[in-house]
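We begin with a single chain expressed as structure tokens, specifically the form predicted on its own.
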């Protein structure tokens, strides 16, 4: 996305803020005075509506006790399904194909235990070497459960440069030995978007089921999981969707796969009409609800009710357009203001290949992140040398971005970072 008449001035940033059609949503969030939050791709900020719906659910508990399961502001028995309906447009699924449940890793275990069916030579899982570590941990354990060695049965596509993945390389690895594919929608370090439709088409040509981890894309960009014929997907709701720390995750299952017995069955896998018949034979829901396991984590899901109201009003297409524009502005400022200071933008420049954050590489990244925090900027560090900056469409202003780059420039010129060790904190 090209910015017309780009200027590296504060006045230009203020002009962009005046033109921003989403700027009024900034008032919906709790923004700390004297601080600029650039870490919404790790944990989104609290909105006033998310706070409200959490308090309403506590009030339901206080007022109704056990009757809160079917009464009150947000009846708990139906909460996961209702949230699934509200979330479905953001991922491009039908209401029946989306459910809010579990956590990212629990949902991955559920989906892989359901759809990974080794058969003869077709016994391996295909992933990639740049994906988030927890996905690899889960896939390794699923391979072990089937009696295989992860070193031979979990194939990880190599990156050519340590930043990006080439779809051609992934497709070349879709051999007759692959039983299941699990890939990210967006790479967590570089922010690269994979071509989900192309990869899904190529997997299906070879008779392979394919699923995607949407943790770093859901809430920052539109998806069309149903239209693309994706088999399954899973994601967290606490990053771009601002559902709160430890918030309940989400999953998508293509309706063509409804009717399969969940690999990890549980109390809430049941058809709701049959659930309290208390039979020892499970009648699974004929929807993504079948892939729930236990009772919904009501108080961890409640903030998402209010947060999704904001997304419905703002529109995911509008959010994506601002995200592209404000991230382009950030990269233009970096090119203009931080040249010859050792920074390298490790994020794709093309709109179609870039997610919701900018990856800024520097050999002193860990020290620079600590110095940013000292200056009131909240960034995100990823080993070994990445500063992730995420201007979030709903609450980051262009003036915020301008200020962040000016502070980065000052940190380097004044060598403020030198007083810190170049190593990450316990939580990066």
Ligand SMILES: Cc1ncc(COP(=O)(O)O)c(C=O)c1O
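Numbering follows the first chain given and starts at 1. The structure presented is a predicted model; accordingly, all values stated were derived computationally and were not measured.
One more form of this protein should be noted, the form predicted together with the named molecule, which is absent from this view; the next part is about it.
Looking at 283-291, 208-216, 259-267, 335-343, the stretch with residues near the named molecule in the predicted complex, meaning non-hydrogen atoms within 4.5 angstroms, turns out to be 208-216.
At the 4.5 Å threshold, heavy atoms of residue 134 reach the named molecule in the predicted complex.
In the predicted complex, none of the heavy atoms of residue 140 sits within 4.5 Å of a heavy atom of the named molecule. When contacts are judged by a 4.5 Å heavy atom cut-off, residue 239 counts as touching the named molecule in the predicted complex.
For residue 103, a non-hydrogen atom is located within 4.5 Å of the named molecule in the predicted complex, even though that partner is not displayed.
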